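Okay, here we've got a single chain as structure tokens, the form predicted on its own, with questions on binding and movement later.
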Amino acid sequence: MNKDTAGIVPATQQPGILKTLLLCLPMMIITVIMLSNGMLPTEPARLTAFILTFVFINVIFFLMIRTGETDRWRSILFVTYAVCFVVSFIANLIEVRGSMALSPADIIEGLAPCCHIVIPMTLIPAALTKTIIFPGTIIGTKYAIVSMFVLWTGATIALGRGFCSWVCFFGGLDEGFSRLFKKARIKDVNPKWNYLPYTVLLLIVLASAVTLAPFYCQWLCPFKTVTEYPEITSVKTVIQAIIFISLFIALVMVLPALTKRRIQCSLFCPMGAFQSLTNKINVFNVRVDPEKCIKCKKCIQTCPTFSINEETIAKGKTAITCMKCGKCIDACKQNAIFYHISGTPLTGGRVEIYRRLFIYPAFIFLATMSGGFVQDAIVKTIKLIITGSMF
């Protein structure tokens, strides 16, 4: 056995039920405070939503701790979060505006909700002109520009590109479609496509700096299809709508389903490329023990972001694009892949400790981001069933 991994406790040696409950207790306390905002709801629909969301989130965390599997349980909550985000977001837009369309007046008034994908586009214009080019509010709402910057900064410091598998409210859609089929219909994807998101990132940063407008939001964002989009009033907005819908169908639905990979997230999203750079400074990483590896290639076949190949395995690590979803770790039956903290030894049975040190902050972000949207989607569903309307 490699001296660097001697004494590592296999992931299959998991804690008993009592110890698992004790390990889950801090998460229960955090989630009850976070979901209730310090005060339990009294309205029956909201109280029901609170209870269901609290139980659901904490059962997922319990199973994550108890079984030693990360991606299996993370994915259930992550995909649920994405679906509930779309339900909640669209319903709120329709309730406030009457439609999903963003009118010219809304843009002038700065009413466009901000998302994290905007961040790379705003940096150069902000540095050169000291203005924010996105037509949204600066502070005051959860979709305000400052709120999104604070969220992104905290999550990036804690998780690096793990942001894309634990925080991003769009990523779960891509992931959900990638899990529709048991087997991939398209198995071979040219590795040269890995350079595309960096090209898109460079394009949108430069185009946004030149035009002083969020270029990706205006022309390339597939998620406009399930959030807000420019009101269709001209040939330009018709073309924009066609592009948004086509990209959503191709990159978020069809190709992920056919390849069982997160195609939009790994091969197109400029924010994903931007986040990859943050993996260089984040303390958490995924390591591979080449001596334990039996070359079965399950990790290569299952990685949703093309972040593992024979070359990275030989180096004992994953590529810079790793989203830290844990899928390769769950797939490896040799316990040759594991979460790790930079600068710490691999010896002494610390693998499960490293894993817990990662999933606690990662899950807190996921629970915090998902909790409100899951509750709101449940409330709206209850109202729809009882009254025939979500509003």
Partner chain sequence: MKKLKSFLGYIWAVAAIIIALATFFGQSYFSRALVATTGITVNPRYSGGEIIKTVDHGNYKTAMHRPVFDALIGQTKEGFIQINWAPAAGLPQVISEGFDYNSDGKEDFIVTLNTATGKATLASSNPAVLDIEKSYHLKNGWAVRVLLKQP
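Residue numbers count along the first chain shown, from 1. Just so it is clear, the model here is predicted, and its values are computed rather than measured.
Only in words, not in the display: the form predicted in complex with its partner chain, which the text now covers.
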Within 4.5 Å of its partner chain in the model of the complex, all of I33, P125 and L128 (non-hydrogen atom): yes
Its partner chain in the model of the complex: contacting segment from 362-370, 47-55, 324-332, 60-68, heavy atom within 4.5 Å: 362-370
Do I341 and its partner chain share at least one heavy atom pair within 4.5 Å in the model of the complex? yes
Contact of L357 with its partner chain in the model of the complex (heavy atom, 4.5 Å): yes
Please check if F134 has a heavy atom lying within 4.5 Å of any heavy atom of its partner chain in the model of the complex. yes
Whether I138 contacts its partner chain in the model of the complex should be assessed with a 4.5 Å heavy atom distance threshold; does it? yes
Answer key, its partner chain contact in the model of the complex at 4.5 Å (heavy atoms) among T278, S88, Q218, T227: the residue is Q218
Position in contact with its partner chain when the complex is considered in the model of the complex, options V83, L196, V150, A250, heavy atoms within 4.5 Å: V150
In the model of the complex: members of 270-286 within 4.5 Å of its partner chain, any heavy atom: I281, N282, V283, F284
